[in-house]
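This document starts with one chain, in the form predicted alone, laid out as structure tokens.
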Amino acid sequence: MLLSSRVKGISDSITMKLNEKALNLNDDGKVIYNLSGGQLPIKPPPEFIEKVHHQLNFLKSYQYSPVAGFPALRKKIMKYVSELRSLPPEVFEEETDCIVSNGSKHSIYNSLGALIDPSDEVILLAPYWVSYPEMIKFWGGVPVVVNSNVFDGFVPAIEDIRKVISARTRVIILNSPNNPAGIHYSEAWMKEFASFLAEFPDLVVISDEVYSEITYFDPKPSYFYQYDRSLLKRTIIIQAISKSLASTGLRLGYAIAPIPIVNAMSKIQGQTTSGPNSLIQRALIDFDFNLIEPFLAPVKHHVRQNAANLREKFREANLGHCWYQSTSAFYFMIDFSRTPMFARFESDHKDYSYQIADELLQNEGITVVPGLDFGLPNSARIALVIEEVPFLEALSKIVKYLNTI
């Protein structure tokens, strides 16, 4: 059977494939330490569960919503985000709108569809989320990568971004807090980025802020448009309930953007998925968003503790040079190339992250995500979310492996 060239050029989601493989091995009776998961292994807040339960009795909770989502929820979301970003509510009241989609991935995909034509360039800041390049390519765009490294705290230089701007540049995707690095860009960086954007008035920013409420070291994340509100006229803010309400499987995200962009995204959504989950939308209309912060407080404490455990395990194993301070989201990037284990591989500038990840899974029962798909070869992402005791057990296995020549 002949498949389209479009789908032939798209790679599978490595995180989804690894998660599935780990589940299968676990079902076969093997003890698996799953450090690949991009989700919190806990239930959502009980108050939110109760709102969902309440909606089960109403017929309209099962019927179509407007394509862009229920107006009451969209207004509530814009008010909530304005409060989170210390912005006056009126900044979203005139030229801006909100569209609710089937997860933040859906929102980003629709955003790119609304903005880029074939051969248009989209700037990515490495490390980047694995799905960005594939979504860009699916719409016919060209990913242009700006690199960073652990020595710079995985923060790209503004000057390096400026160097890759071309006549075909349309969009830059900003992901802070960052998946996979587990860091967020500083206030100073965001202010410099705002000044940089003033030089390129046609450049649109997709600001992926899905992890903005999961930060465990001050100062908290801030954003470029807080320092220059005029930039909201060409900014798409992406958020979701996936991380903040531990609800990845409920598939509900949203975008706040200028009205013409929201209208374009709504056209795409209307012809593909229609409106998002009506039941969950109605539950969110009744749910008190102010309960999110206390719900996440123990989560952030747990992630911070696991981050401290990682630091100590690396120090004890004389791998302190491979450690950096993660501050947000719930990830950490291990640089294999700076460990004794890497001497087994040829110094030929090839990527061995897939091979190393497979060895960890088959020999140690540990799943990690190869770093090449994040734009960082010879590395891997681990999640800091599993319970402390199994996390410590997994770390002991990892550092032993990294020190084995």
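Start at 1 with the first residue shown and count on from there. No experiment lies behind these values; they were computed from the predicted model shown.
Note that the form predicted together with ligand PLP isn't included here; everything after this is about it.
Out of the listed residues 156, 275, 141, 103, 103 is the one that sits within 4.5 Å of ligand PLP in the predicted complex by at least one heavy atom.
The listed set 234, 304, 137, 251 contains one residue whose heavy atoms approach ligand PLP in the predicted complex to within 4.5 Å, identified as 251. Contact check for residue 223: no non-hydrogen atom falls within 4.5 Å of ligand PLP in the predicted complex.
Taking the partner from elsewhere, residue 334 is found to have every heavy atom lying beyond 4.5 Å of ligand PLP in the predicted complex. In the predicted complex, ligand PLP sits within 4.5 Å of a heavy atom of residue 242.
For the chain shown alone, residue 92 is not a contact residue for ligand PLP in the predicted complex, no non-hydrogen atom being within 4.5 angstroms. Remark: of stretches 192-200, 145-153, 282-290, 174-182, the one touching ligand PLP in the predicted complex is 174-182 (heavy atom within 4.5 Å). Within 4.5 angstroms of ligand PLP in the predicted complex, the stretch 192-223 places a non-hydrogen atom from each of 208, 210, 211, taken in sequence order.
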